[in-house]
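First, one chain by itself in structure tokens, the form predicted on its own.
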Amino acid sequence: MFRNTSSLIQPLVFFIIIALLFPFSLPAEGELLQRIGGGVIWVSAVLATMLSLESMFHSDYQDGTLEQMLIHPRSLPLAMLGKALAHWTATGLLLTLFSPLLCVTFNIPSEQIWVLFAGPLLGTPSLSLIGATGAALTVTLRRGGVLIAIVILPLYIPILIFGAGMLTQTAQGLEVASQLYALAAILALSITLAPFAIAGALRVTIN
């Protein structure tokens, strides 16, 4: 999926830069940074994921690999599930591993670090699966990034709400089990439905 190192590094660098810009642009108040930390990190993760979506199927479309997948007797939804999981491994997993490191920037207590790992670990796979559907719908377009954003951003909103709210809940001493269950439920639905949506989008777009 990623044919060069820059395509792999760009989303991670973009994620870190966006997350670091907020503390520098706001007053150095620990309480304020703690309140916005979760939301900033999640929005940065969404933007970084979207940065890599446009190229997700582009090279496969150009060299004819997608056409071969469409006519191959093996399950296309299963192949698309593998494609989406490969995208998550190269982007979402890296973002998840780096998210806890941003706790220092937002003055987030060490006992809350696990929230910035557990939330993205459950949420970022859904970002890749849902985003792959948008990428499949725009694979034949030369510049489909804006259209991808229009299609998938509304679907990202529930993930953002539950993910960003976890840090606030933890800071107030409240349980975050409900948010974790919600993210897990969204992930289960994404794994179940997204591969068929991606396959259907590719058949409609390419044929």
Partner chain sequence: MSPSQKKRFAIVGLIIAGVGAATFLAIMSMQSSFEYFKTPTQIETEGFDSKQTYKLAGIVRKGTVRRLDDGITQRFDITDCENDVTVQYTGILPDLFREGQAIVTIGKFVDQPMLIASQVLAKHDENYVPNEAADAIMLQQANKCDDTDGPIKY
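Remember, it's a predicted structure, so these values are computed and weren't measured experimentally. Residue numbers count along the first chain shown, from 1.
Missing here is the form predicted together with the partner chain; even so, the following discussion is about that form.
Not displayed here, the partner chain is kept clear of Phe22 by more than 4.5 Å at the level of heavy atoms in the predicted complex. Heavy atoms of Leu174 reach within 4.5 Å of the partner chain in the predicted complex, making it an interface residue. In the predicted complex, the partner chain sits beyond 4.5 Å of every heavy atom of Ile17. For Ala182, a non-hydrogen atom is located within 4.5 Å of the partner chain in the predicted complex, even though that partner is not displayed. Contacts with the partner chain in the predicted complex, taken as any heavy atom within 4.5 Å, map to no residue of 79 to 101.
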